[in-house]
Structure formats: structure tokens, C-alpha cells
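Just the one chain here, laid out as C-alpha cells, in the form predicted on its own.
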């Protein structure tokens, strides 16, 4: 499974992108469960949360893209975003 996160907004408005491939990872089942949760909890249209807050586009394989914003992130969204931005390329 390939998961891509695009973070935009914030005070500086600088976009950050990262993608993570779960193939061969020992934690892949956990990441897949997070991805399924995020796909069901995000919205299908982009929105902008609070001023100077980050907003995210999360794409999972060909299953689609969902959008979420700070500070309304679920725990699953926060975990998946943090993982992809920290370990993805």
C-alpha cells in the first residue's frame, strides 16, 4: 500500500509532501488499519480549518483522497500523518 500526505497551510504556508510504501514493513497491518480508518473519517472535499492551521490531503493507493484539518484531526489521522511525514520520502 502506498500512502501519500500533503500538508499545506500553517503560518508560512509551505507545502510538505511525503509518501510511504508499506510493502515488507513489519508494521504494515497497523498502518493499513490506520489508512482504512482515515479513509472513512476524512472528507472528500478540501476544507480549511482555523487560520494558520495545517490542512492535509491523504491519498491511499487508488482508493481515493481524503482531506482533514487541524485542530479537528482524529487520533488515527494524527498518527498516520505523523508516520508518513516522519518516515516517508
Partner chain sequence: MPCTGSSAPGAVPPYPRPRPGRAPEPTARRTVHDGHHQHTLPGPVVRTEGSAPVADQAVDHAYDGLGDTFAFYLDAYGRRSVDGRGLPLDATVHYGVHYDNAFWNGRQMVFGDGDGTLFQDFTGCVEIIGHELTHGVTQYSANLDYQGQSGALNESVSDVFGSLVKQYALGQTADRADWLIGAGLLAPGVQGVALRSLKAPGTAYHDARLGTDPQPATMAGYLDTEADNGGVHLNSGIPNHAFYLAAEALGGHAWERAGQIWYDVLTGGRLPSDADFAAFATATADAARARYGPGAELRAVQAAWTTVGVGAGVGAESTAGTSDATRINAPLRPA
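Predicted, not measured: the structure shown is a model, and the values here were computed from it. Numbering follows the first chain given and starts at 1.
As for the form predicted together with the partner chain, it is not shown, yet the points below apply to it.
Engineer: Even though the partner isn't displayed, in the predicted bound form is residue 9 close enough to the partner chain, meaning a heavy atom within 4.5 Å?
Structural biologist: Output for residue 9 is yes: heavy atoms within 4.5 Å of the partner chain.
Engineer: So in the predicted bound form, is the partner chain close enough to residue 61 to count as touching (4.5 Å, heavy atoms)?
Structural biologist: So residue 61 does not count as contacting the partner chain.
Engineer: So in the predicted bound form, does any heavy atom of residue 52 sit within 4.5 Å of the partner chain?
Structural biologist: Yes, residue 52 sits close enough to the partner chain in the predicted bound form that at least one of its heavy atoms falls within 4.5 Å.
Engineer: In the predicted bound form, does residue 25 come within 4.5 Å of the partner chain, counting heavy atoms only?
Structural biologist: The answer is no: residue 25 has no heavy atom within 4.5 Å of the partner chain.
Engineer: Which residues from 13 to 27 come close to the partner chain in the predicted bound form, meaning a heavy atom within 4.5 Å?
Structural biologist: Heavy-atom contacts to the partner chain in the predicted bound form: 13, 14, 15.
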